[in-house]
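Below you'll find only one chain, the form predicted on its own, shown as structure tokens.
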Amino acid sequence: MAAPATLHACLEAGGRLSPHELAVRDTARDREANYAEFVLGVDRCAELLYKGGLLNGERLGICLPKSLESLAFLFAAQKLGAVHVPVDAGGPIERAAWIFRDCEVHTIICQTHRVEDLRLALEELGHRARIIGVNPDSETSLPQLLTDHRVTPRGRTEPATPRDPQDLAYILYTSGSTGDPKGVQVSQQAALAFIDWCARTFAPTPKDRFSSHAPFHFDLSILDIYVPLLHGASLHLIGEEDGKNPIRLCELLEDEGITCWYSTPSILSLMLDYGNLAEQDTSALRLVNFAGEVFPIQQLRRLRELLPKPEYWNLYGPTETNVCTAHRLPGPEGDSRDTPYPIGGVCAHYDSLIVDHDNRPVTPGEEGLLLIDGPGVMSGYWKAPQLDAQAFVEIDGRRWYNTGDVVRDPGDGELLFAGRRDRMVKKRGYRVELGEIEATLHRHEDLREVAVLARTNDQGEVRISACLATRSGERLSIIALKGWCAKNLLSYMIPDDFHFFDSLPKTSTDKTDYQGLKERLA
């Protein structure tokens, strides 16, 4: 198969392979479209946007739940050479408005009942945009739904100008250290380099059935969306409510015959603990990918014992690179590992350096900051040159992206994750990596979720707090817990206090919400 030249070409390639086969299924609404139907829906969406004045290079805001419609508008933007900017449709409307104002969107697709609220929020920020209301819960088919806007397709809608590989494809907003979200700009080339790596690594076929658990504003969704559709496979959209319901998620594995799964470890752990996973027929499952955070080794071992057949991959990378290292787990037979698996070797479309704080390469086996360069790296942050200056470093005339993550190469190229540079604190003169404390607490057999925070009190002393959720839901003895920590941690690393929760708060991308925890403890 020839490599696609654009993201929209991924859909066209799948349509040629499987024109009458299932392309996309919305599991929450029990609606689906084959490739011919979905391509028609995308064409009508593109026509609607084109008639409204959306041009090559302009931004399309998408504030719509995961559905056939939101996916169709995403591809319609790609067809026109526009840049799609997805946001959390269930999040605060003020945050969505801030993002849309920041990247100067031309048009926004929004749920019909939220149009007026979004319009008012934009007006308060001094920004005007065309807002199109769509109701994904309509029982009509995608092409029928779009006739409500009186759109008559006039044939293939072509972009105004040929697209360059460096043209932007999408912007994903992530939390910023200043408190304002920052827009990660991803080019056609960068996205396609990742998709090509996925194709060569995971060997998808038209018979595959991919889950789509991640929301569209999370970078995990890029694999979910484009890899199956490029190969004529089917994409099974999992709605926001089902995405947090472990019983329903496990049912969907069987009901949809999922062959390729991708999510954060938190979701897989939730399914393992509360989803009756052992009672589901998961015989179709051949691939389990996880990314976004460290997978506690005890949980991962339990999952592999329950589901020994699939291939397991630990995928690592910030939004700015998508996946840049990957580790295929060895077979589960005789697995006695008690530390997290490596984040793996550097993907084929990337190069890496491990450097000290002065950007000098470390000696083999030493910890250092991971730098990445290659065609998959982001173009930069949207209109934020000061952030670009912090994120990129030039070494010997070459521009590297600093991931901010500390890693170590034990000598075989399979990198070990040591933590975040910004999660290192000094306590009584010692350097403490909060992630190391978390990894140790994860080994406690009674703990289900763990997050460790550092706070400075009024006297300027650093105090380490452990936020915990237990398997039983009951609090553990603090004395016993401190005794256990004393056997497994250096004295200066033992948390000063312990806080128990029914479950730890999560962000919209299913990662632990550290900021939310800090606010709860304040």
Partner chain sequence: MAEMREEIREFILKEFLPGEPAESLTDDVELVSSRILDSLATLKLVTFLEDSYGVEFAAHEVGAEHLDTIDRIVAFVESRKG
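Model, not experiment: these values are computed from the prediction. Residue numbers count along the first chain shown, from 1.
If you look for the form predicted in complex with the partner chain, you will not find it shown, but the lines that follow are about it.
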| Candidate stretches 42 to 50, 470 to 478, 57 to 65, 29 to 37, one within 4.5 Å of the partner chain in the model of the complex by heavy atom | 470 to 478
| Here the chain is shown alone; which of Q280, T174, Q298, N245 has a heavy atom within 4.5 Å of the partner chain in the model of the complex? | N245
| message | Under a 4.5 angstroms heavy atom criterion, identify the one residue in L74, L270, A193, A391 near the partner chain in the model of the complex. | response | L270
| field | Contact flag, G90 vs the partner chain in the model of the complex, heavy atom cut 4.5 Å | value | yes
| request: Give a yes or no for D117: in the model of the complex, does one of its heavy atoms lie within 4.5 Å of a heavy atom belonging to the partner chain? | output: no
| Does the partner chain come within 4.5 Å of any heavy atom of I494 in the model of the complex? | yes
| Does D373 reach the partner chain in the model of the complex, with heavy atoms at most 4.5 Å apart? | no
| Between R304 and N488, do the C-alpha atoms lie closer or farther in the model of the complex than in the shown form, with a difference of 3 angstroms or more? | farther
| message | At a change of 3 Å or more, would you call the C-alpha separation of I297 and H499 in the model of the complex closer or farther than in the form supplied? | response | farther
